[in-house]
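Next comes just one chain, in structure tokens: the form predicted on its own.
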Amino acid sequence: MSSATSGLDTSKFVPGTIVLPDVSNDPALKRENITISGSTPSTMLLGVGLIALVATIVGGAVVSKQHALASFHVGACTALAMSLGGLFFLQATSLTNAGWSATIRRLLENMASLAPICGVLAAITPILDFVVFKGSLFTWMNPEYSSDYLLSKKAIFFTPVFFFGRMGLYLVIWWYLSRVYVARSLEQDRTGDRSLSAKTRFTASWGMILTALSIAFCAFDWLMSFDFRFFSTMWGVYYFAGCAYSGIAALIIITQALRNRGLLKGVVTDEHYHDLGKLQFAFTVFWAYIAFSQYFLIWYSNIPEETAWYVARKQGGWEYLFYTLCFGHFLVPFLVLIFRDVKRKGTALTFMAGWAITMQVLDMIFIVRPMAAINEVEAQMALTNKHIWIDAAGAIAGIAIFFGLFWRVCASRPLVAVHDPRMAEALHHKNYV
């Protein structure tokens, strides 16, 4: 049988290696099935994000600057979590050589490419708080605490030059890694050079380490350092769990949106949804494990600097959000996603993905919003407060901007890396469990 009829590319055959079939001419990979025409959804989403951002700014002007700044940070950190989740899964599937993921690899690349942009959004909050508001959220920036004994023991870590220098380093790491992965993938689209996949896998071997460290330390800097007294050795893993949880949810939503437009037919199937659903289920359990472990260890050790963080969030109305996360972030999705049929149905899985992002937003609110307390009334502000619209506006701004940019990036290049060496496996992927 000739190489033309067998679908095998033997031009670069090396004895002892596996020759993978070239399926770049498969009908499922025809241009009209893997290319977006028009950018209307992107324009609408970015418009919604801009309106929500303006509403957040208005809320800061007429209600509370601290409240608005905290709400904006909630949206920015949620967007950052989704993009970093994409970067993580891109590297994880590359390292494990996961054949089934070839058809969604480009979408993961698109998510990862937004990490530096979302990082800039998250960096706006500490910059504004340092320059303009003088520590209204980040207490270590407040001159009133300059003589605090605990702060003096962490002074080196909270030196402004070191703090903002670390922020710049995170952005450089995310920019470099995402740029390398996307550039190689597009080059592979152009040339068909399969060796680029091996180079990407090698980069991911050390890039994953940098990603893990940058996620952990950005979580310390942008979330845990609101209260410089509080510390948790599990905090970096806790935020990472949220990144993976919300990242896979964002991927499910955008994939379903593309399929609803008649795209990716035969490329992303129920079999791929099944795997995405299993990942969503897995990181639902993982987040719960990390969240409970952190809470249990802090409760058991009973160190005042640690327990004070939870005590403040279990009174004044915040305890309702605490219990909402217990049930909504873990129990509900666990009981729903455990069923095989739910993981294989795009509509049901997309609903649960939307639920997951909502829970991630509430988790960020639970972390960030109590630090916006400026008086006794504000300290008791929970989700039932009359100014909840500021929280909603800040969250919507970050999420809408993320999905608007995501859609715009998707429209700028093919939705599928057609020359991925594992594309044949992905197109014919089946689940047996």
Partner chain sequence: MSVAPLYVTESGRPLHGVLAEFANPADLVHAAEKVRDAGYTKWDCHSPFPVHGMEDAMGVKRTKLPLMAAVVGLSMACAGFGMQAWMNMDYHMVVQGKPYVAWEAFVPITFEIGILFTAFTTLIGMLALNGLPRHSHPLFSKDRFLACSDDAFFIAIEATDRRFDPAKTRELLRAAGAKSVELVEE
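Fair warning: this is a prediction, and the values are worked out from it, not measured in the lab. Numbering follows the first chain given and starts at 1.
Beyond what is shown, the protein has a form predicted in complex with its partner chain; the following relates to that form.
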Note which of R179, K134, R340, R261 lies within 4.5 Å of its partner chain in the predicted complex, where distance is taken over heavy atoms; exactly one does. R340
If we test each of Y295, Y145, F130, F351 for a heavy atom within 4.5 Å of its partner chain in the predicted complex, the one that passes is Y295
Give a yes or no for V311: in the predicted complex, does one of its heavy atoms lie within 4.5 Å of a heavy atom belonging to its partner chain? no
Can you tell me if V161 lies within 4.5 angstroms of its partner chain in the predicted complex, counting non-hydrogen atoms only? no
In the predicted complex, does W299 have a heavy atom within 4.5 Å of its partner chain? yes
So, in the predicted complex, is Y320 in contact with its partner chain at a 4.5 angstroms heavy atom limit? no
Its partner chain isn't shown here, but in the predicted complex, which of 249 to 257, 76 to 84, 115 to 123, 332 to 340 has heavy atoms within 4.5 Å of it? 332 to 340
For a quick check, can you give me the residues of 406 to 433 that have a heavy atom within 4.5 Å of its partner chain in the predicted complex? K430, Y432, V433
